[in-house]
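In the form predicted alone, a lone chain appears below as structure tokens.
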Amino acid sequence: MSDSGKTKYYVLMEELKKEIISGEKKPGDRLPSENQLSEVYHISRHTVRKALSILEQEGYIEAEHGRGTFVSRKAGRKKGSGNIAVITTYLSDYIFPRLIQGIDQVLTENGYSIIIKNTGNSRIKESRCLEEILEKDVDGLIIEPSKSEILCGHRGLYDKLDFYKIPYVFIQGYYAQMKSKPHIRLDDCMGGYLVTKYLLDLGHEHILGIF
């Protein structure tokens, strides 16, 4: 167990993943051998092997018999599928039909096809949708996060999008720990202020809001 309270294999796994996602280690780069990692991090080969096994299962690295372990070349795969994935919480309620129509119109005008998924505002379903998207050839993702007021419990899937260099933008909200990611959202406070000011300017004093 490390000083951070995390197991040693997990610390190594996180460190290597960070280097891969940041681009410090590029697709096709060879990783140090188990012996080298063992010496650098002062841990056993068994611990190293466990960390590498997790990274391989998650698709970040690939082992080649007799040659070593390499950063997955999938991150460097050629883009140009013409597909843009759109994940929303709902499809048939409120503003969503018009939202999808607008997105589809712009994508079509620019030669793209749309792949639509919906989560029902479920974080579990959002995870499944992201996993499906990661298995497809897509050039980008537009996503409305589910229950965005709660911390994202599947950040690793967004890390994979970064790893595979699939750009994504949040709409209607974003996760607090991912505020730096591109996002488009309505300013409900300003909207409420403007509509109330409009009514006040017309001379109305008794205003009722129904939400």
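Note that residue numbering begins at 1 and tracks the sequence as displayed. Here, rigid core means the biggest group of C-alpha atoms that superpose within 1.5 Å across both forms. This structure is a prediction, so every number in the text was calculated from the model and none was measured.
We do not show the form predicted together with the DNA, though everything after this point is about it.
Student: With the partner left out of view, is G28 within 4.5 angstroms of the DNA in the model of the complex by any non-hydrogen atom?
Tutor: No - in the model of the complex, heavy atoms of G28 and the DNA never come within 4.5 Å of each other.
Student: With the partner left out here, check for me: in the model of the complex, does some heavy atom of I171 sit within 4.5 Å of the DNA?
Tutor: I171 lies outside the contact set for the DNA.
Student: Could you tell me if V40 has a non-hydrogen atom within 4.5 Å of the DNA in the model of the complex?
Tutor: Heavy-atom contact with the DNA at 4.5 Å: absent for V40.
Student: Is it the case that G156, even though its partner is missing from this view, gets within 4.5 Å of the DNA in the model of the complex, heavy atoms only?
Tutor: Output for G156 is no: heavy atoms all beyond 4.5 Å of the DNA.
Student: Determine the residues of 56 to 73 with a heavy atom within 4.5 Å of the DNA in the model of the complex and present them in sequence order; the list may be empty.
Tutor: Those in contact are A63, E64, H65, G66, R67, G68, T69.
Student: Taking the rigid core as the reference frame, tell me whether D159 has a CA displacement of 2 angstroms or more between this form and the one not shown.
Tutor: It does not reach a 2 Å shift.
Student: If you line up the core, does L37 shift 2 angstroms or more at its C-alpha between this form and the one not shown?
Tutor: Passes the 2 Å threshold, so yes.
Student: Could you check whether the CA atom of L52 moves 2 Å or more between this form and the one not shown, using the rigid core for the fit?
Tutor: Yes, its C-alpha moves 2 Å or more.
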